[in-house]
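Okay, so here's just one chain, in structure tokens, the form predicted on its own.
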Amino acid sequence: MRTDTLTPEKDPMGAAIADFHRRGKAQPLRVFSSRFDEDEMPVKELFRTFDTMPPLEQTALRMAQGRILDVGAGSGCHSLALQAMGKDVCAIDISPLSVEVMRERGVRDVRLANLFGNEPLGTFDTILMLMNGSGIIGRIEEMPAFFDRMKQLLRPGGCILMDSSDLSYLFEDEDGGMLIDLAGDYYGQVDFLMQYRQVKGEPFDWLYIDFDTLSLYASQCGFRAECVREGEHYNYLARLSADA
């Protein structure tokens, strides 16, 4: 679990977001992993409006209440949608270029900060973690530390709204059985590296977690997990609240 922020020369996603913001177009953001073939992320998707967001994200934005923390806010699309609803939101990201773009786009409270860093963030009624928000936890063994941090940031009665995906479908055989090494690492842990033009980032861990495993860790750490909505491709939105 990383606790720092990025520098512009190691910020490929920020460079892509800044390019699209200023030029109205951008080259694809290249994504590499030891687990998958090279992929590309269309940068335009990071600038979607509320009307073009998936229903799962729309549900999360409607549910968010009180003082809201938008984690890994990127271009600010979720924060801007929340502001348009009249809601109080603070956007954070580890990307300095993304933070600059969010300010230019009109996000009123935006900060260069890491959720797990030492920056004073305050407390919140809703912590919003979208676009596979569980990813920043990194590895399954970091789940207890994640929930400890959430207890520091959540106000009484507050909740986390987080989406993720169950990657088990990638390991199904022709007969519907699972080809997962139960003695190995959790199957939802993935390593990634991104590149935009000549800007190449550092490798990082990313966690996709199935709902049953999330619910188990939540209960062990004093939280309740509720599956609010399922998406169209093995993804879901969870509401996590601390036990009284």
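A residue's number is simply how far along the shown sequence it sits, counting from 1. Computed from a prediction, not measured in an experiment: that's the story for all the values here.
Another form, the form predicted in complex with a small molecule, is not on view; read the next lines as being about it.
In the predicted complex, at least one heavy atom of residue 95 sits within 4.5 Å of the small molecule. By the criterion of a heavy atom within 4.5 Å, residue 206 is counted among the residues contacting the small molecule in the predicted complex. Put simply, residue 162 is far from the small molecule in the predicted complex: not one heavy atom of it is within 4.5 Å. At the 4.5 Å threshold, heavy atoms of residue 13 reach the small molecule in the predicted complex. Every member of the trio 116, 131 and 136 reaches the small molecule in the predicted complex with some non-hydrogen atom inside 4.5 Å. With the partner removed from view, the residue among 82, 73, 150, 107 that has a non-hydrogen atom within 4.5 Å of the small molecule in the predicted complex turns out to be 73. Note on the partner interface in the predicted complex: the residue among 68, 26, 46, 190 having a heavy atom within 4.5 angstroms of the small molecule is 46. Note on the interface: of 141-149, 154-162, 108-116, 82-90, the segment with non-hydrogen atoms within 4.5 angstroms of the small molecule in the predicted complex is 108-116.
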